[in-house]
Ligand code: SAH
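To begin, one chain is listed below as structure tokens, in the form predicted alone.
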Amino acid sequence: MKPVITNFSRSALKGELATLGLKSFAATQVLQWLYQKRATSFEEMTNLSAENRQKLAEHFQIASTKVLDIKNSSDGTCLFLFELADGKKIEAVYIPAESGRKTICLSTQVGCAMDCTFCRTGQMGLLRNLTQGEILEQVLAVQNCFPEETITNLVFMGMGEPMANIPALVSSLEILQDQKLFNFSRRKITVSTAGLVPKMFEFVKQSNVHLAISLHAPNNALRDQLMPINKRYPLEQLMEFCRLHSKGPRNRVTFEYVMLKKVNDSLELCKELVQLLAGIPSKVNLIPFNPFPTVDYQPSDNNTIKQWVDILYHAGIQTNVRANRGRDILAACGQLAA
């Protein structure tokens, strides 16, 4: 199988093209055609000679994934189902908002090993990591589907645990932020993690995008039940990372908290959460649970969520309630399973 262009960094592609006799600037030209002009064939790259376009076609393929299906929600959300070169499948979600914000929720793995009890992806187990190209091609596919729209935000909150796939994650982020390629601002990219603490320390040395911590419980006993990763990296370790990370410039920590009725939504637990976050510049996103087959959890009622917002607000913690986008097509947070 020919190597896939989307799997190369700019410098790596420059080296590959040099072996074919192409000038060093050809790598930037090729990647700009792919990521800026969204070319789907080498023949479209008209500022390269016909001879060089032929060489590229003989030695490389443009992409390795294909869109199998797109489901449309009543709220405008779109669920993309992709088939990878080995036949495995992943999902990504396009989420337009009335504010004008247009977000892609991206996957980093086929399945997930974290086994969080409220997440449908975890029931798949982990099949494998995605490559750099398979991550970037999700962005390209959504952009190509909505050519008149400008994608404003990227969130790595789809299938998989991003911190378990740091090499492909970091290299894809470099291309996504490259001013000559995708040119996304660091402020518009968020990476979510369930709390692989050693990998989080490794990641923040290599990337400056926003981090979001999937918390979902304010004490170890409850978090152990909901998120098995907590048994390896308990809250003491996770919060120590957050304290250290928040000392950097513009490093306020975002915490995600899925609201499970009569499981983790008591007002006593909310007060515990306030104590847990004391001294850490924080933002909390409350996420009403999105039901899916095979689990018995139910979302917290609106009054409980309002009480949580009031308590957190009066404690000086910025709090948002996540809108349930794409729930009717199993595209909402925690529902992805390809």
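Since the structure is predicted, the reported quantities are computational estimates derived from the model, not experimental observations. Just count from 1 along the sequence shown to find any residue number.
Absent from the display: the form predicted in complex with ligand SAH. The rest refers to it.
Taking the partner from the other structure, ligand SAH in the predicted complex has a heavy atom within 4.5 Å of a heavy atom of Gly160. In the predicted complex, ligand SAH lies farther than 4.5 Å from every heavy atom of Asn264. Ligand SAH is not drawn, but in the predicted complex it has a heavy atom within 4.5 Å of Cys119.
Heavy atoms of Val258 reach within 4.5 Å of ligand SAH in the predicted complex, making it an interface residue. The single contact residue among Tyr35, Phe60, Phe289, Trp308, judged by any heavy atom lying within 4.5 Å of ligand SAH in the predicted complex, is Phe289. Site annotation in the predicted complex: the residue of Val93, Ile90, Leu169, Ala194 reaching within 4.5 Å of ligand SAH with a heavy atom is Ala194. The stretch that touches ligand SAH in the predicted complex, counting heavy atoms within 4.5 Å, is 185-193, out of 238-246, 143-151, 185-193, 72-80. In the predicted complex, ligand SAH lies within 4.5 angstroms of at least one heavy atom of each of the following residues of 197-216: Ser214, His216, in sequence order.
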